[in-house]
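One chain comes next, on its own, written out as structure tokens in the form predicted alone.
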Amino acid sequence: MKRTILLCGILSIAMLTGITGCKAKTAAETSSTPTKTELVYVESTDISTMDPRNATGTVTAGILANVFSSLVKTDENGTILPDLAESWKNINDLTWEFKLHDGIKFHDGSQLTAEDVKYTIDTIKDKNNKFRLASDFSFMDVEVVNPLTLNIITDGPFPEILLRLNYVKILPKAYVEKVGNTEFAAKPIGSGPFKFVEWRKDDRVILEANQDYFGKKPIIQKATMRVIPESAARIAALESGEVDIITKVETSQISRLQGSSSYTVTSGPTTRVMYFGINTLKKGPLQDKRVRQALNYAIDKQALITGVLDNFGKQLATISTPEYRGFDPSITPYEYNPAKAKELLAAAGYPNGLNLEISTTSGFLNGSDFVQAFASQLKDVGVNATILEEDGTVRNEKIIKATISDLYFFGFGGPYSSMDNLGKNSFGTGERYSTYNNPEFDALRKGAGAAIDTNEANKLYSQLQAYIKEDAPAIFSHQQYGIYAINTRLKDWKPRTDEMIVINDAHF
């Protein structure tokens, strides 16, 4: 799968985004003697859980990636790499064989075997547990061949299985069975480069280095993820020297930070697709396709990207970024055409416009300003929008129950994001982030996801993108950029296209 590098050192990205590049090294930077062994970084939102089987959200995924291991992992560009598995192969279209490294231990010293892999996947799928990720992994079964060999058998061809398995963090069967799911989530044990120490909700997560890690041992001895929702407070923490990395730097602050030799600002595209979801399950005007299409014609998305995001974003036509398998660049975004929007609204029975509510939450790049500008453009075609600021967790529950506002600003990305996964979870019938029921779309998505031949997959994914553009269950917007400010004393930390903060190569 093609992935895009997002490093400061990549000149092309720096030119694209207008960032001038990394600063020259200082004398302190060139020292080979580590003077600091604790890394502190900041996220705008907290984690949701420490149980990987129930973990949604990219901030959570980043912490889990440091504490747990999986059969395979990805690098900063999304390339699949070995992790617990030293090798794998296809036995047939439905069966994948994995061989584990020998001698891998969990943080309590117990041996990791194929039985732990089977236990992890079996319990994710178990409907009695009601884990939120159950449907993402319900199509696979595990057959233990011997303590270091296992087969994963799928209920149909699924060529993107390695990307999906990247997010199956392997749990210690004996420990979880002994303490139970609730105690495990409070005191998790993995086999990753860092051990869990403490989670103070809405404040911080603390990790310590695992000296017995089977891979490259971390140089950082302690890592703390702090939660600071306000952008200005995150920057203040960086400038005071309290923290080493901050995420989601507002674009208006980039030039000022770049003016200091103490910080580096990096930016680049992620695999997160931003859109305004439409609650098509709510009775009313939004169940009419002409109204949904009108809303897409009403918005000048490129003007929003230029004027609000300062070009730190890329306009998308539908549900795919160029990094996804099956992306079709020939499918173009809706043009900005307010006259066409008014024409469609009138044809649907709303010649004088209509009133809508838009839900938004924190955590998206320049999110508040973006939604305000979006609502202003809607007003130009007679759509009066009321903006509702909501807590992210509360809002997600509303989406699940289809009680969310008429429109909701949303982004889907993360460590196993693909067109199949986004299409399923954001627009699949009955899925966790979907307010859209359409069996035809579901069938197209499943067919594309099962296509092994690349040409066939591209053809089917093109049909999927054309279909969802036409039916318009969302107002498709842009590919989100990751923007980080980093203290220049930190070395070898790399931003990732999946936005996770992974720290086992970082040092001072």
Partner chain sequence: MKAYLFKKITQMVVVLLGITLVVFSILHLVGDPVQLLLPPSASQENVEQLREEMGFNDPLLVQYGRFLSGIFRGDFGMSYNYNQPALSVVLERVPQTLKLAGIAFLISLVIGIPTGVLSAIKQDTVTDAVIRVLSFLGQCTPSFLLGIMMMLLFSVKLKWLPTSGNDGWKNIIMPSLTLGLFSTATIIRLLRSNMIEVMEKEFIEVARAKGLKYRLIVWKHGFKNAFSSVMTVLGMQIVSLMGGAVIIETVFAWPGIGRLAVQSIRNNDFMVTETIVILMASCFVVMNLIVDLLYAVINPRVKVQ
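Numbering follows the first chain given and starts at 1. Everything quoted here is computed from the prediction, not taken from an experiment.
This protein has a second form, the form predicted together with the partner chain, left out of what is shown; the following refers to that one.
Heavy atoms within 4.5 Å of the partner chain in the predicted complex belong, among the stretches 427-435, 373-381, 320-328, 207-215, to residues of 427-435. Of the residues Thr393, Ser261, Ser110, Thr154, just one reaches the partner chain in the predicted complex with a heavy atom at 4.5 Å or closer; this is Thr393.
For the options Leu281, Ala347, Ile219, Ile400, the one in contact with the partner chain in the predicted complex, meaning a heavy atom within 4.5 Å, is Ile400. For Asp136, a non-hydrogen atom is located within 4.5 Å of the partner chain in the predicted complex, even though that partner is not displayed. Contact check for Ser240: a heavy atom falls within 4.5 Å of the partner chain in the predicted complex. In the predicted complex, the partner chain lies within 4.5 Å of some heavy atom of Ala232. The partner chain in the predicted complex is approached by Asp46, whose closest heavy atom lies within 4.5 angstroms of it. For a residue to qualify, one of its non-hydrogen atoms must sit within 4.5 Å of the partner chain in the predicted complex; all three of Asn54, Lys127 and Arg200 qualify. Contacts of stretch 404-423 with the partner chain in the predicted complex, defined by any heavy atom lying within 4.5 Å, are made by Phe412 alone.
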